[in-house]
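First, one chain by itself: the form predicted on its own, in structure tokens.
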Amino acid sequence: MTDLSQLIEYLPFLIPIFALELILAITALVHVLKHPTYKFGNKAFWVVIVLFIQIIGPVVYFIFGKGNE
């Protein structure tokens, strides 16, 4: 079994995970850029967290970083 055939076999599971990660990252990034207040850290800190820590970064932002509007 080649690497490509393994990838094709797991593709139905990988596409929804990738879509979820992309939606979470975009939603969190838009929120970071639009809102000036955060519970912890600053805008640059949260942009880095959201973009570089894949699925966990946006979740951490919404739990710990999102300030009161």
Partner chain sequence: MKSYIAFTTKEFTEQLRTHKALIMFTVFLLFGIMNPVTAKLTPIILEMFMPEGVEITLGDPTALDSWAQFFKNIPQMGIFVLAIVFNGLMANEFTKGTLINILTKGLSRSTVILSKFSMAILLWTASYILCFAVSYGYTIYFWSNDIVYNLLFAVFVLWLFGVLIISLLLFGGVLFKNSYGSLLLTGTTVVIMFLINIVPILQKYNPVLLSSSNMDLLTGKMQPSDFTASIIVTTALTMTFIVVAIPIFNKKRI
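The structure presented is a predicted model; accordingly, all values stated were derived computationally and were not measured. Numbering follows the first chain given and starts at 1.
Omitted here: the form predicted together with its partner chain. The next part is about that form.
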- Query: Non-hydrogen atoms within 4.5 angstroms of its partner chain in the predicted complex: do 27, 55 and 66 all have one?
  - Reply: yes
- Message: Contact with its partner chain in the predicted complex for residue 43, defined as at least one heavy atom pair within 4.5 Å: yes or no?
- Response: no
- Message: With a cut-off of 4.5 Å between heavy atoms, is residue 5 one of the residues that contacts its partner chain in the predicted complex?
- Response: no
- Query: Quick one: is residue 59 in contact with its partner chain in the predicted complex, heavy atoms, 4.5 Å cut-off?
  - Reply: yes
- Is residue 48 close enough to its partner chain in the predicted complex to count, meaning some heavy atom within 4.5 Å? no
